[in-house]
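Single chain ahead, by itself, as structure tokens, in the form predicted on its own.
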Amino acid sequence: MATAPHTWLRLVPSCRSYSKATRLHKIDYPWKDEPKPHWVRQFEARRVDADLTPENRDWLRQWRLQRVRDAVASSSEAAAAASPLKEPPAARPLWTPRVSQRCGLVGIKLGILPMWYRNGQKVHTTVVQIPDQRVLRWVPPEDLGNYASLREMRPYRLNQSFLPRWLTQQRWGLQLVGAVPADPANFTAQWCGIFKAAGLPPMRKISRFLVSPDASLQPGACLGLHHFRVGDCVDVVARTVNRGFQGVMERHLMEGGPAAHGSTKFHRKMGSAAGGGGPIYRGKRMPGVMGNRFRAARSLPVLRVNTKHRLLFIKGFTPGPPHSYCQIMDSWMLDVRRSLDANPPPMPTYFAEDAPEGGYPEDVYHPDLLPYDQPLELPD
């Protein structure tokens, strides 16, 4: 039975029903010790292929990939109805100021590389590789109430007296994107079924983006490197480096206790937790797990694009360790949105007809950036 629109407003309790004492203490969530019912296990159990030769292992891999291609290209009525790859693309919309919000890209952070402007100033750039990725699903704003993971109670909803605006306003939908195709033998049947419904082979990473209805993409659409242009400002969201359990001097940069004058076992402690015997409120800086949280770096310009290796050189530092996944999207900052209104990006994404005559060179640099094959000329 389908859930009526706005049903999630009744399924999610409001924080006003909880007392102040309840909000200031730990809440025991029902899914703490078990997975949610709508979660899908991704990786299959580890197998031992010690008796297989390298030739047989490669043959089995090609055979599995061929089975996936045959299942996707099958001419059955179910596959034809479920795979929108056989449908013609819709008409390309125009950029609408203060309304349009495009889909983002899934990237792999490679590291930090220094570069130089033409005036000799040094700038650090984050190198992000854009793997092969396709659109899996589009959830319109009116169907967010049927989305399974949004019907569960979230910690920030229990601790706040309001719901997120992206849920209540219903201005944006959810665009699911899969990246990094892999061998289907490494995944479970449920995980592979998510991609089979879209007519695609299984992939390692699934991410979702907030997208306006006018910039939505059909399942199976390809997202490429030129989705962002040189000079565009982007937001990069990723999990920070997991530092583990750290003390207050490492986690909150506290000075610690005195090093001498009778100090005993107090060199790296935080001191008093509450004054006058009062309660310890939420937000008190204490030892705990440091890192491993989703954080965003806002309004970072793209300084260089390498078309040969599918690399984006983004100014500044982004969260996450090397070789970790990150989400790259159009910046939500107001000044950046005004610049996009004056110079709209390709809508809803980059297509082959958007390429200039003769194609793109191997490296596309920002006008203020110094290419590596040119000497640095400073004024006298």
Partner chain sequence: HPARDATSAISSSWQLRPVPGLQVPLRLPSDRRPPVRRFACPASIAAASAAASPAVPPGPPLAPAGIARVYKPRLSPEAMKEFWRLSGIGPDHSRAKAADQQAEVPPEIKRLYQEALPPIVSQDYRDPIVESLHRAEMMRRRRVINIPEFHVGSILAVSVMDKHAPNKVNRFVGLCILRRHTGLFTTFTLRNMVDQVCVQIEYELYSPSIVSIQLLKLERRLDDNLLYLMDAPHSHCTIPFDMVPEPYSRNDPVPVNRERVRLNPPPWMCKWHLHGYQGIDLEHLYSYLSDKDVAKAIEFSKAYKRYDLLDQYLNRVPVPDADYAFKDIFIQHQELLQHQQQQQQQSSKKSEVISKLTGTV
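Values in this document were obtained by computation on a predicted structure and should not be read as measured data. Residue numbers count along the first chain shown, from 1. Just so we're on the same page, rigid core means the largest C-alpha set that superposes within 1.5 Å between forms.
Not pictured, yet referred to below: the form predicted in complex with its partner chain.
Arg98 falls outside the set of residues with a heavy atom inside 4.5 Å of its partner chain in the predicted complex.
Not displayed here, its partner chain is approached by Pro181 to within 4.5 Å at the level of heavy atoms in the predicted complex. When contacts are judged by a 4.5 Å heavy atom cut-off, Arg204 counts as touching its partner chain in the predicted complex.
Shown alone here, Tyr325 lies within 4.5 Å of its partner chain in the predicted complex, counting heavy atoms only. Stretch-level contact analysis of 330-338, 51-59, 310-318, 346-354 against its partner chain in the predicted complex, using heavy atoms and a 4.5 Å limit, identifies 310-318.
Just one of Gly262, Pro114, Gly283, Gly275 comes within 4.5 Å of its partner chain in the predicted complex, counting any heavy atom, and that one is Pro114.
This chain appears without its partner; in the predicted complex, the one residue of Arg298, His267, His124, Arg171 with a heavy atom within 4.5 Å of its partner chain is His124. Although its partner chain is not shown here, in the predicted complex the stretch 95-111 places heavy atoms of Ile108, Leu110, Gly111 within 4.5 Å of it, in sequence order.
When two forms of a protein are overlaid on their rigid core, residues whose CA moves 2 Å or more are considered shifted, and Asn343 is not one of them between this form and the one not shown.
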